[in-house]
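Take a look at the structure tokens below, where one protein chain is shown in two forms, each on its own, as structure 1 and structure 2.
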Structure 1
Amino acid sequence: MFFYYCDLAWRSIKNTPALSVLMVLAISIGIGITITSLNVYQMMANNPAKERSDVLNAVMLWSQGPDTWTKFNQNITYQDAMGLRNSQVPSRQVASFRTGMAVQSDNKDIEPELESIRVTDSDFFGLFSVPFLFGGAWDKGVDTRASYQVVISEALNLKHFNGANSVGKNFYLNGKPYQIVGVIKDWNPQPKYYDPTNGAFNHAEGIYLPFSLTPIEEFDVWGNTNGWQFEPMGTYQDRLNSEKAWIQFWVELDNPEHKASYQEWLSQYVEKQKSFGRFTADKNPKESVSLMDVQQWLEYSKAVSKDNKILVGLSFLFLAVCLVNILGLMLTKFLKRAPEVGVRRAIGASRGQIFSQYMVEVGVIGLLGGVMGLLWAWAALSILSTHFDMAKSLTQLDLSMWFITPAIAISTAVLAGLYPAWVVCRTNPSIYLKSQ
């Protein structure tokens, strides 16, 4: 019966081409716009930590003085990073920041290039589940006794070493040799949640260096440095001793109790700092610390832009207009066929059969609209990425959209078709039989 209805639907669509094209076009444009904005929204609101979202926590401290900043800074100071690294409570903890240097290898055919670098602790890779291709992180001992070791990305390994295992080889940063200990597989969490202050949709760094080298090598900071009071910054040591916040700090806490005990440890830390004359804001130690899991952190970081939320809202309203539009068109079309329905009813078709026949027809129109809408969305996303320079990761049509789109399209169409189909199946056969 279903296929017979499909056949009938197809015939009816062919009989009124203009009206059908109009309906399909209306649905497809509505769907196209909605899917495009939904897709970008979904990509932005993505939680890349997945099931580890709860155990990963960003640490923020209210180290500023009274009447300065009105909210927690996303970064912490170097002295606090060093202080927090002494804690035994978290399962893993990492301080990190972004820098950059000129990169060379023994392959002299390749011109030196400026690359961005993450300076961090050995636990970075475990904490953020970074997969390795060759080797691994540097030894934990290197986090305290600095050593010139480096982890590089698959892409750099391919470029400089033709993809061969480069562990043990030298890699030159600003002309200085570093020993490669690991090569990570292609890894690019989006949003870049471990450091959204540098653009939440930038690509992950391709080079990782031990944080313990920071005071020795005096790495430049490629990122925000925020100070709430004037401090001279003549030397690198001034930066390390200052109250300027420029380091991201993450900890891994396995369960709520673990989190509570770390929170306790943090308040004690703040209390101690207060006794040294730091943390001068009028806040008790408990309120001076903030632990946010990845989901909370992404919201705090405003990874999803305001514009995008507005667009999603407006595009659903747009879809509603399309829905009303096709509702009107369908009502028009179905009522026009009321005489035909009258005849069919008189021959013995039940109301249910008439109703399902029309719902199938509506569904077919919805499906056609959905397929076309998907094409629109795909075209719109490729325009966004080429013409508007939007991050590639945001303009890929998510796999889920291949299911969501037809689902939305068909249900929108069915929703719009319910009333017209109901009206038409209530047709009283006698009227039409008479008038013919």
Structure 2
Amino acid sequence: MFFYYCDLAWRSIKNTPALSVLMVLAISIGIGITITSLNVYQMMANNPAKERSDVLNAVMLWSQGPDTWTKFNQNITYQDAMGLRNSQVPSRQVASFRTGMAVQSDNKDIEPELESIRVTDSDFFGLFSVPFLFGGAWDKGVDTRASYQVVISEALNLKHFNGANSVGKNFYLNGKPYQIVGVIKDWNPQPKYYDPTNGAFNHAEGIYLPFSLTPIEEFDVWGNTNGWQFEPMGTYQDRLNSEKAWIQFWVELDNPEHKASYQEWLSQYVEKQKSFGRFTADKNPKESVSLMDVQQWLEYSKAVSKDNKILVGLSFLFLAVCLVNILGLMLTKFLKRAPEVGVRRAIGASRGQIFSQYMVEVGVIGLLGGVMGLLWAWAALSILSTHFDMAKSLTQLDLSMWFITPAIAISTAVLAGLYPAWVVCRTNPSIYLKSQ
């Protein structure tokens, strides 16, 4: 019976092409706008850490003084980063910040160019599950005994070494040679949760340097630096000794007990710092520490802005307006076929069968509108990517949309078709039999 109704629906669509095209077009535009905003929102709300989300924790400390900021700073100071690195509790721990330098290799055909660089610890690659193409991270001993080693991305390796294994070769940063110890595969978590303070949807850095080189090379900071009091910065050491917060700190904690143990360690650390005259805010040590897993961290960092949520809501409102128009078109179309319905009722068709037939028809119209809406969404995302400089990761049509879109289109079309189908199935056959 279902396929018979499908056949009737297709014949009805062909018999009223203008009305049918208008309905499909109205649904497709509403669906296209809704899916575009929903896709961007979904890509922004993605948790790239997936099953490891609970064990990866961002560390925040209330190191500011009284009457300053009203919430935890996402970054910590250099002196706190060095203090936290002494803990033996976490399975892995990582301090990092963003810098940049001019890069070049022995390939003289390639001009030096400015690149974004992440200065970090060796645990960075294991903690964030960074895949390697050649080699690996520098030895853990380099985290305390600085060495001029570097990990580069697959793209840089392809550009400077034609994709060959470059481990052991030199790579030059601001003219200084660094030995390549690893080449990572294409890796670009979105949102860039390990450092959303420098743009949650910026591309991951292509170069990684040991954090232990920071006081030696006096790396510039290409990111946010926050300070709650005036401190003169005559030398780089002044920055290292200051209360300026500019370093992101992550730890890996395997279970809730492990997390509780580390929180206790952090409280003891803060208590010790208070005895040195730091952490002067009116908070006890436990209130001065915060651990957030990746999902909590993304919400705290507002990776998905409130504007995006409003945009999704507005797009669904626009879809509702489209449905009201579709409802009117369907009512016009179905009432035109009232005589045909009267005849069918007279020869024995029940109201339920008439209602089912029209529901199948609106479902087919909804499906066609959904397919066209998917094409609108794909085109809109392409335009956003090419003409409005939006991150490509946000403008890729997610695989789930190929299933969500038809479901939304059919269900909304069926919703809009309920009233017209109900009206037409209540047709009194005697009226039309007399008229004929």
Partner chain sequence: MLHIKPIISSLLRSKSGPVLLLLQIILSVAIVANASFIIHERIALMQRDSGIAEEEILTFSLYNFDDRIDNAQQNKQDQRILAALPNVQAVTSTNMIPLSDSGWSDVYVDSPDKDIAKQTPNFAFYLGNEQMLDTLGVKLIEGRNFSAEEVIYSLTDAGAQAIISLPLAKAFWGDESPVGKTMYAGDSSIKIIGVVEKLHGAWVDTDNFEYSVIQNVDFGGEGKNKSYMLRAKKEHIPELKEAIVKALHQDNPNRVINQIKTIAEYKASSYRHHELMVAVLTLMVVLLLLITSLGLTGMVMFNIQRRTKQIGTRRALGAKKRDIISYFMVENYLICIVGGVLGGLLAIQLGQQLMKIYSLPMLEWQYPALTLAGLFVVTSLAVVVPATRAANISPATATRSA
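Everything quoted here is computed from the prediction, not taken from an experiment. The term rigid core refers to the most C-alpha atoms you can superpose between the two forms while keeping them within 1.5 Å. Residues are numbered by position in structure 1's sequence, first residue being 1.
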Of the two forms shown alone, the one predicted alone: 2
Exceeds or equals 2 Å, Cα of residue 415 between the two structures, core fit: yes
Residue shift check between the two structures, rigid core fit, residue 216 Cα at least 2 Å: no
Rigid core fit then residue 98 CA moved by 2 Å or more between the two structures: no
